[in-house]
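Two forms, one chain: they're shown below as structure tokens, one block per form, named structure 1 and structure 2.
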Structure 1
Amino acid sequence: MNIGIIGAGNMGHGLGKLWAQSGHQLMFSYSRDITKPKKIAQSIGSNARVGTPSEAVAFADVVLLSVPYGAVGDALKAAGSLKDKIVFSIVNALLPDMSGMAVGTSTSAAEEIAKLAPDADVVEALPVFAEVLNSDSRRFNDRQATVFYTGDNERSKQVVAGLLREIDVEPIDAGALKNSRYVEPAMMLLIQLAYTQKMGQVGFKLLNR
């Protein structure tokens, strides 16, 4: 396939390199530093070239959009018409300093509960599905599911982590209570996979290397 890449950061470069190895043709475009797409294309070799965003779109069977969230408007303007194009977006709505998200999430059940019970020490963890919990084992083919916990008091978090260990899951400290705004949608993702996508009992395992 011809893959037009808008955005010449680490992600666009890394994906492009692997796809070039699979035999796809690439065109890199769009960077604050105009020498960067050229350098990347040269490092990849004959399967890669550079162009303007609109040239990359014209060239492409698939347009990879790999710019920071704040650059999306400008990049799409430069791209021009995307009529009938597949746009493969790898853009997450991260704030530039990664301290939070620019759109999409602003609070969580955990934070609302902490507001309603300001004297309490709230720790949140969303365990495995009830069907898993109420079955003979919480394991998925012998593997423990990861359950993320959040809270603002270390000692209380350790108590909750202990209770999670007792139900045979792997507790992982996901930081401050406000990080529940990321954990809760992640659990909602599992619910969507289970019911809308009809995958049944699902869970996360955190990979680390």
Structure 2
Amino acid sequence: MNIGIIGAGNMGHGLGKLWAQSGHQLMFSYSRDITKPKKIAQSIGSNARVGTPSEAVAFADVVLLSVPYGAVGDALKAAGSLKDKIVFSIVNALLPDMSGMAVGTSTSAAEEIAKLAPDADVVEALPVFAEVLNSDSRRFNDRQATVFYTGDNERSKQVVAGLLREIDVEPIDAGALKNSRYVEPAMMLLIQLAYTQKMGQVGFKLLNR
């Protein structure tokens, strides 16, 4: 699969590295530091290359949107038409200083992205933290972390679920895209536990019986 990655931060790098190990082809794009995507691609190897956001979209079967919430509008403008593309968003609606949510409970980052890209199939999942992605294992004491995904197109959701399984997490279908307005604040709680409460690497585990 060809995966275009818009955003060259730690999350995009971590996910891309793991997907390249599974044989996917990557194109990195969009960074304030124009040398960063090149360095990331070089570190991953022959399965990774660099392009503009619009080139990454044209290249991609799936577009990973991995930018800060405040950069979404600019990134999507640079991406151009996303008609009929699967947009896998890992964007949470965090304030720039991560002290709280820019939106929440009545809408979500995912829903706002879908408004800006109405011709795309937006699927959201907020995977484990970058520190976990870039560690030797994504597991917690040999247990897979639960990652919730949301979306309105079942085929696109299954594509994203498959990509999540490849990073060794447990994907759980959390329903329609509008349910992101509950998933995103839950992820904010993990951020508070990890960094404010200094609990270190944390994740969700869904239990059911």
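One-based numbering along structure 1's sequence throughout. Since the model is a prediction, treat every value here as computed from it, not as a measurement.
As summarised for this chain, the second structure is the form predicted alone, and the first is not. Rigid-part membership, decided by the better superposition fit of each C-alpha, differs between Val91 and Val128 in the motion between the two structures. The two rigid parts differ in orientation between the two structures, with the smaller turned by 178° against the larger.
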